[in-house]
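Below you will find one chain, with nothing else, as structure tokens; this is the form predicted alone, and questions on how it binds or moves follow later.
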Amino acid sequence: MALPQPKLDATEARIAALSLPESGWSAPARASALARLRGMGLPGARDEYWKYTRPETLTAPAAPKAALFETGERLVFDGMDRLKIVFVDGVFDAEASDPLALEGVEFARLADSADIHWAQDLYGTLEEAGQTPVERPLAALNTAFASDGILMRVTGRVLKPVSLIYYHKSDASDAILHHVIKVEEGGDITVLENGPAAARFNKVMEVEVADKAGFHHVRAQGRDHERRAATHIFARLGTESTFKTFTLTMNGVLTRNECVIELTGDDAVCHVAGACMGDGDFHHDDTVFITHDAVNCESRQVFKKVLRNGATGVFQGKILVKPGAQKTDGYQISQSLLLDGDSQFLAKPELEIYADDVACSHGSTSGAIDEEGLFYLRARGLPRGIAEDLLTIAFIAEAVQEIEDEALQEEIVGRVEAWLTRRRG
């Protein structure tokens, strides 16, 4: 069916503002993605999975400007021993990065990989698979036009985290990055991400986790409030594999994080969690789709949103259990803490089950701060602001506890405490 003319015009205008990189081995995948994009068109406000989030500023030919902002505090994860890979407005910065050498990991850059490469069989593959049954046109745009990214092949247990750091230096930057990570059988890696990245940021991460392998991911999005971002994680899990991701978002006028996971091997485990702190002109959208296509697999979705001064939070989460995926354990919870009467939380939890031996549940709630708990803390001498902050931290604790590494848990809680302290003045 032909696209409506407004959607066709918007799609072609966005494409015309970009140029296909010289891509070598990735050229067929880019061409296929461009064809997909033209077939589905960029998202519009009438699209089912965009009805809560207006996509116009994410799809316009030029990025809206975003002012740079400094808090004066050290950057998240700075106190940790890690291998740093730095991008400035979507461009790899070799001088600021550590040498791309780490035991158990083979590194390459998307921009440099002109010859045949192991990633040729993976680049765009998981993104394409993730277009069904829900179209994700911004991800197809990314696969077609991504200018750079990191390719990582993990062959063993990596003792040091790999840290992807995104700096924002230009108020009109429009960055498109695509990372590909392949964790071989028995491998295990932790990947960290932080930084505002660009005025407008479109990122895709494709992760293949082989049998008995592990992938752990902790991400902090924040600082520059006027930034806009659309991120996607596509993952495929093998037998007895583990995939865990957590995202903390603070600030950002518009953020949409999509996570599309397919459990294809028996006894696989997938945890997707996040927390956001929103104040004022803030719109945050978590859209998650987890497919169970194997036996005895576990998935968890845990999302907490703290909203005030008219901020908006969105959660769209789905668990699909295919025929034959018996003994599935699927859990989904999305909750918001509304600190005033002007903020709103919009939720669309879904279960679609075609197997009969499963344990699946979902729940979604919104509420104000616990007045009984607040009274208890104030009765013990705590000022109201500090008491509210403690209850807020307790509220997001279930999501933060999805992070396995306790040092990373403490780092995330410290960031939340600093954000709350600044808002308290």
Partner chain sequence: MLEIKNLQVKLEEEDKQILKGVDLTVEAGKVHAIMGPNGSGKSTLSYVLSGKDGYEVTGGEASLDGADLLEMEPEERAAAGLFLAFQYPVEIPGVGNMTFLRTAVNSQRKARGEEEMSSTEFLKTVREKAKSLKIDAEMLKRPVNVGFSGGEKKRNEILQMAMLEPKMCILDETDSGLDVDAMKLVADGVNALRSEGRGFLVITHYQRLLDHIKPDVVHIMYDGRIIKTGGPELALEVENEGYAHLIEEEA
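In this text the structure is predicted, and so the values were computed from the model without any measurement. Residue numbers count along the first chain shown, from 1.
The form predicted together with the partner chain is left out here; the points below concern that form.
Handout entry: Check all three, Y376, L390 and I393, heavy atom within 4.5 Å of the partner chain in the predicted complex
Key = Yes, the whole candidate spot contacts the partner chain.
Exercise for the section: Just one of 26-34, 367-375, 57-65, 39-47 has residues with a heavy atom within 4.5 Å of the partner chain in the predicted complex, so point it out. Expected result: One stretch meets the cut-off, namely 367-375.
Handout entry: Proximity of R384 to the partner chain in the predicted complex, heavy atoms at 4.5 Å
Key = Output for R384 is yes: heavy atoms within 4.5 Å of the partner chain.
Handout entry: 4.5 Å heavy atom contact, A359 to the partner chain in the predicted complex
Key = Contact with the partner chain, no.
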